[in-house]
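Presented below, as structure tokens, is a lone chain in the form predicted on its own.
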Amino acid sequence: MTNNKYFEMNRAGWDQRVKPHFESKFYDVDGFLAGNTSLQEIELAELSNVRDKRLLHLQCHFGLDTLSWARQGAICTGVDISPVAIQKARDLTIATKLDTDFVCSDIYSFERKVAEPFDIVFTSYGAICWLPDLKKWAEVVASNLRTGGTFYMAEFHPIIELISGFSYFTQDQPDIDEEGTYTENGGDIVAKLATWPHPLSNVVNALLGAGIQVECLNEFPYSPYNCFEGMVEREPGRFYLSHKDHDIPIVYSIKGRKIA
């Protein structure tokens, strides 16, 4: 099966997820429309001063984070493979009256509409597992980022996959699972999905190879989302997992700058 067929499989699966996600307590669209942000403490602490910056959000789902950055003054473009998600994002743009652009594309095929590159490229939480080729991903990041611009990601730690019984290291063929979704209301949604593991070393080396100088890499023993089995909320909004009585890293973040 080619990557295009895997992408089509995943696109269909994410199309199915949009409606329950949009209606879920997990995403809390009503709260967002009332003025709440969907951004979490990790990225808010590490990516600041976005006002008047041109921000590209890769794999944006239906755009809550994209629009939340726009509320902070960024000039945002969101990209996602699901046309159903992108339509919801455009509906939210109208509802919030935020000047944000949304593009339906897999990120490998994304082409920005203007010659000027972005000041910030952002991605977060469960994004890169859907991509087979991190070198190509990093090239997309770099080609859309101005020299001196900032790349930022917050992502689930790959050690979680290992503890769950999947490979930690990269493999040519994806893991294909028939699974439901992570929101509380998605019990009837079951789709076949393809994911690829990416160890931290591959993420960092892909970015370095594309001309992104990594300025910091942080690991966190908690997640802002209660999205894995057995998580315990020890502090408000911080969910932990233990392995043999020790906390495991749940999230990592990388901040870098394009140097060439």
Ligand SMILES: C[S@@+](CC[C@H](N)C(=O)[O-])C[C@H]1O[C@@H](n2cnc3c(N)ncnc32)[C@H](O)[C@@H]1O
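Source: prediction; values computed, not measured. All residue numbers are counted from 1 along the displayed sequence.
Omitted here: the form predicted in complex with the ligand. The next part is about that form.
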Of the options Q87, S105, T170, T147, which one has a non-hydrogen atom that comes within 4.5 Å of the ligand in the predicted bound form?
S105
Name the single residue among L67, L47, C60, L207 that comes within 4.5 Å of the ligand in the predicted bound form, judging by heavy atoms.
C60
Only one of 112 to 120, 160 to 168, 68 to 76, 130 to 138 has residues with a heavy atom within 4.5 Å of the ligand in the predicted bound form, and that stretch is 130 to 138
Would you please decide whether I81 lies within 4.5 angstroms of the ligand in the predicted bound form, comparing each non-hydrogen atom pair?
yes
Is Y152 close to the ligand in the predicted bound form, meaning a heavy atom pair under 4.5 Å apart or at it?
no
Interface membership of G126, the ligand in the predicted bound form, 4.5 Å heavy atom rule
yes
Mark F32 yes when one of its heavy atoms lies within 4.5 Å of a heavy atom of the ligand in the predicted bound form, and no otherwise.
no
Scan 25 to 56 and write down, in order along the chain, each residue with a heavy atom lying within 4.5 Å of the ligand in the predicted bound form.
Y27
